[in-house]
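Have a look below at one chain only, the form predicted on its own, in structure tokens format.
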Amino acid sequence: MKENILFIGLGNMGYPMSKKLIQQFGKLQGFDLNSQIKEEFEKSGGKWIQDLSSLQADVVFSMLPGAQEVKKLYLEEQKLLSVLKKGTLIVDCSTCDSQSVCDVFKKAKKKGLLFLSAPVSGGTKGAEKGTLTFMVGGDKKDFDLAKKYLKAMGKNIFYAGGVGDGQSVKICNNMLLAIHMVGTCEAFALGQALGLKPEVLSKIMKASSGQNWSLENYNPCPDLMPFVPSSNNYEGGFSVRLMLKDLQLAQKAMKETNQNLNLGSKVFEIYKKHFEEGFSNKDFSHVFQKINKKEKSNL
């Protein structure tokens, strides 16, 4: 028996993820509030759903901007938990605070639904290649059911523990991502000010103790690495707006656990200012243009 799979949220991340599910499982239903993606989704082999109130689904994936949208979908405006049949597997891949996810989980369980929180790491590039990392929280038996779907979209599938634990891992991961991105930007800014060529600096640091994910896979210096946002006017990728959202979640968690994390707080302020200066839709590596003073000082 073929299962009916539904993917909700066909944005920069959700759409390439849905394509991987289509390639692996054939038919896939899709829904997004932005109907402009409809034609492209259908060309990829998906079936567009106009109305969630009468859908038929055995498995539901959602990839939404944040907790507010997740609550609107499952509990408030769309009230999807009231529509889905008992036993439906729900896998929400959005990045939210742990409490919001736990609220949805408890209400889903009361209705006999299986709910997992599975935030991802790897960005749009990972979504397109099917190499995402999933950090899954929820009941272990439900995780075992979901693995075959997750493996179609990701390379590394981790069971983090309880339903909020995947979100906690994601918050810690993205705080560290912001820290090493800013550190990488500062290293390139200093290197250029000292007269070093960026390509030489990059080559040596990648083979030295300064090596990190941003340097290896997502260089913020323009035209050093093809197919990354810094070589495309910082378009696409993971926006400053989304990075700030995740850092706000980290700040909230820090206060709740009484942790004083200096670097986490510093990068939050850096991205908050960058957001306020009008760069919310640029990729988060665009912070290099703020840190690098080469153009301003004419060095």
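In this text, residue numbers run from 1 along the sequence as written. For clarity, every value in this text was computed on a predicted model and none was experimentally measured.
This next part talks about the form predicted in complex with a small molecule, which is not shown.
Exactly one listed residue, out of K245, K38, K252, K272, brings a non-hydrogen atom to within 4.5 Å of the small molecule in the predicted bound form: K245. Of the residues S280, Q23, Q289, N12, just one reaches the small molecule in the predicted bound form with a heavy atom at 4.5 Å or closer; this is N12. In the predicted bound form, the small molecule lies farther than 4.5 Å from every heavy atom of L55. Although the partner is absent here, Q259 is not a contact residue: none of its heavy atoms lies within 4.5 angstroms of the small molecule in the predicted bound form. Of the heavy atoms in L64, some are within 4.5 Å of the small molecule in the predicted bound form. The closest heavy atom approach of F268 to the small molecule in the predicted bound form falls outside 4.5 Å.
Note on the interface: of 97-105, 67-75, 154-162, 141-149, the segment with non-hydrogen atoms within 4.5 angstroms of the small molecule in the predicted bound form is 67-75.
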